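Heads up, the chain below is alone and in the form predicted on its own; it's given as structure tokens.
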């Protein structure tokens, strides 16, 4: 059985690194218009989602909980300026779903900005907002977020899931990097980031239970730590997680002493702090996410083990 302490230690180290480098969660108001102002919102929204999972699962120690709350306070007060940067971003791109996707996990954690909520409710009534071109998995996520916000999903998630790659359960050997991320995020949206394992339709859960071990082996052998972390999180979202020992040992070995996790193979030789943060923050966040879910599942398994 996988060592629960090893899994938990990966998450603890990842959160320590994120807290120490919290200034990396930044926006760039003077960014090149071709890049887009809203591109820098992605890390902030992901941070809020992962911290919400950490609070929800209740397996973090007091130190982790304190760091997570400080990270959220910093992101809300300094990066998002109390929500005002979300208002600014929505004005720049009126029908972009990004400000809404970033705002929702903060709202669920007790942060709020009435003005931006009015904008979201207004946009939801517009046909142009519903017609915004998105990939199936992105549309699935937006519908899930609308439901959680208290708005009617447009369209309902049940109508979208069959359009996703995973929903079609195609040949498993055709999976590569981009498709793999579509698979993981389909699972995260259907289960509300691991909160509702029963949200996965049975055929999809069975398909994943069959092929996930092979995918874990593949990405472990390639040392694709970012994707391996997401697949370990998917494993923890299944009704019967495996908590793959070899994969967890590989991820733990790749993690640096300071808690950072490289995306691929080894840490980049980059001395610029901002560029290094941009390369490392996501696999490190993913490691914290996967660790939290897997630790929770492992403890549940121990609790229900026969005496």
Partner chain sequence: MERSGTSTPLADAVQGLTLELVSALRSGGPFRLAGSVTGADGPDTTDGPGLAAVRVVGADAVLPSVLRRTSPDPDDLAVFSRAVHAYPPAENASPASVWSHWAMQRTLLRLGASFDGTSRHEAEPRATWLDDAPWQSLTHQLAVLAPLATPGADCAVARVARGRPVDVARGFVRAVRRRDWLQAAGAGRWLVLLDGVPETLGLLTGLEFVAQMGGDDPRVALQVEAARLMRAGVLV
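Positions refer to the first chain, counted from 1. The structure presented is a predicted model; accordingly, all values stated were derived computationally and were not measured.
One more form of this protein exists, namely the form predicted together with its partner chain; it is left out here, but the text below deals with it.
Note that among 120 to 128, 98 to 106, 209 to 217, 182 to 190, the stretch whose heavy atoms approach its partner chain to within 4.5 Å in the predicted complex is 209 to 217. Contact with its partner chain in the predicted complex holds for all three of 172, 176 and 222, each having a heavy atom within 4.5 Å.
Screening 63, 246, 26, 69 for any heavy atom within 4.5 Å of its partner chain in the predicted complex leaves a single hit, 246.
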